[in-house]
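Before any questions on binding or motion, here is one chain by itself as structure tokens, the form predicted alone.
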């Protein structure tokens, strides 16, 4: 029987994603044009996952704004941010309330800083449509549309990451360094949300990291754009249509085949050869899969999360000889089901596909098809407890473990780490009584 309610949705609202995109820009302060709760919720989740305080401003709309509009609040918020933090830029994201009121955010922001050179990026991100990934995509496209300018070729490759961890971005940067390829990350939270405490105990109000405004402007002059999060790839499409920058929208580089595609795309766009260090990293991943094959072969695994990460992990589990029984995402995307069906065809699997639904339905399918391991964020803990199986955490948010954001599950090295996590979860949960498997 069809349900008329959503139970335990594994998704967040658009402003959450827009804030993360803005926090990857150097010197940029996100500003939520809405009620105080609309900024408290993202701040709370960012602090729980990244263990960092997040400078997120809010225009603090109340009942009177619903009648008279939010122009006064937004103007005061922009001026307060300017006087207190003096940032390089402000990234505005709208909410259900400001969108319903019908505030002309671009015009209000322009009037508020009429004589100022500070950059302002207003993105439309109402919470009653889309998810955190839609918000991330809208904010990122706003950044590129506002700043990108055609100039001289820069011999760089743009990378659109989507919502991944600082450890993932650092691993991707390491692979690019090994290939001697320069890059522009759109955007880059590897330093802004994993900020070091430097000698003297100094920690700046606004972190030093993030993609610089000049680099975003220069993205129009790159060799190409690789979006490893197709759900947030519209900025790549914009750069292609506007500036003829080649766009590659591919799965996340997790596992052997998807990481191979990432490396080959980098090599093809930059004309850089694949160095022996990368070949050795790939060989170590293959060796690690052989090492644990007798533990993992045939193990039933259920996976939920953001579509690009889930489809990539489903393929990696199949590569490792596991049996993915359920693949679920709350964010619909046209490539998700074809990705899973392709894995089913190649590996003779029968993975059930759940798209645009909730964890209640995921749990029901897990009961039917079985799972010895669940992969997802912290919202899967209760299901794992009910079914008596381990949960390996990935994605966002992970709030009941520390340090997850530091480590990568991407590239050959990150895939080894993910495989070790899965194997140790299986071994730690129930050691096989068959001595031949010990």
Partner chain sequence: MTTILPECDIPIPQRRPHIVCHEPGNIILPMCNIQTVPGDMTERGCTFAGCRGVVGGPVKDVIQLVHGPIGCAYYTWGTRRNLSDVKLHRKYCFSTDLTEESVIYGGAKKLLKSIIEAHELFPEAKAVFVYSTCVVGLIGDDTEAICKQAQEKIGIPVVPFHCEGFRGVSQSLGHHIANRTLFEKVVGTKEPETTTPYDMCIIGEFNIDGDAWIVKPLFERMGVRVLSVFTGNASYADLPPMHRAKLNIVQCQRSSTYIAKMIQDKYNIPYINVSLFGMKQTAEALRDVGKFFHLEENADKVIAEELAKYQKNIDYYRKRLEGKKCFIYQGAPRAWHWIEPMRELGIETILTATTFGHKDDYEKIMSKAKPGHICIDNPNALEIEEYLVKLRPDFFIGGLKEKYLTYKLGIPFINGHSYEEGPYAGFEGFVNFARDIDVAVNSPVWKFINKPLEVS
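Note that the structure is a prediction, hence the values are computed from the model and not measured. Residue numbers count along the first chain shown, from 1.
There is another form of the same protein, the form predicted in complex with the partner chain; it is not shown, and what comes next is about it.
Taking a 4.5 Å heavy atom cutoff to the partner chain in the predicted complex, the contact residue among 153, 345, 298, 200 is 200. Between the partner chain and the residues 214, 107, 205, 279, the one pair within 4.5 Å by heavy atoms in the predicted complex involves 205. Remark: residue 57 counts among the residues lining the partner chain in the predicted complex, judged by a heavy atom distance of 4.5 Å or less.
In the predicted complex, residue 196 approaches the partner chain with a heavy atom inside 4.5 Å.
Taking the partner from elsewhere, residue 418 is found to have every heavy atom lying beyond 4.5 Å of the partner chain in the predicted complex.
In the predicted complex, the partner chain lies within 4.5 Å of some heavy atom of residue 397.
The stretch among 109 to 117, 224 to 232, 70 to 78, 174 to 182 whose residues place heavy atoms within 4.5 Å of the partner chain in the predicted complex is 70 to 78. Taken together, 170, 239 and 264 are entirely out of contact with the partner chain in the predicted complex: none brings a heavy atom within 4.5 Å. In the predicted complex, the partner chain lies within 4.5 angstroms of at least one heavy atom of each of the following residues of 374 to 399: 379, 382, 386, 397, in sequence order.
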